[in-house]
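Presented below, as structure tokens, is a lone chain in the form predicted on its own.
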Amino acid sequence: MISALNCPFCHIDDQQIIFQDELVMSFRDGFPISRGHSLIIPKRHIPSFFELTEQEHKSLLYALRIIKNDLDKELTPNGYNIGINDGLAAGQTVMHLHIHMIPRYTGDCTDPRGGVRWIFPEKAAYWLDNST
């Protein structure tokens, strides 16, 4: 596991921070998949959502609301994908817990139905399954 010493999220430039309190911070994703794609992280270096304290959990959810309100005002997206990759098997590449706040815009892809289900494309379009 990456230590806090080598963690890119533990060394964010203050100018990148768009929101913070004593427990969490938020900044734009360095590799955004949409305009405004933001990350919300605990300041404490932990890899998993399930290691949060109760107060960290509350702060992360509060920050999520703040970032959403800011994005609504700044970019007026039509929806959001909110996600956490928790563990290597789930695709986590930076082992510091982070919540992806991904603004979505009408027409940004051909068919957004299924959202995060597309990590398994063969199971994503369940509404087309005629076997039931």
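All of these numbers come straight from a predicted model, not from anything done at the bench. In case it trips you up, residue 1 is the first one in the sequence shown, and so on.
There is another form of this protein, the form predicted in complex with a small molecule, and it is not shown here; the text below is about that form.
A.B. asks: Which among 103 to 111, 68 to 76, 31 to 39, 52 to 60 is in contact with the small molecule in the model of the complex, heavy atoms within 4.5 angstroms?
C.D. replies: Of the options, only 31 to 39 has residues within 4.5 Å of the partner.
A.B. asks: In the model of the complex, does Val94 have a heavy atom within 4.5 Å of the small molecule?
C.D. replies: Val94 belongs to the contact set for the small molecule.
A.B. asks: Within a 4.5 Å heavy atom cut-off, is Phe27 in contact with the small molecule in the model of the complex?
C.D. replies: Yes, contact at 4.5 Å.
A.B. asks: Although the small molecule is absent from this view, report whether Ile12 comes within 4.5 Å of it in the model of the complex, heavy atoms only.
C.D. replies: Within the cut-off, so yes.
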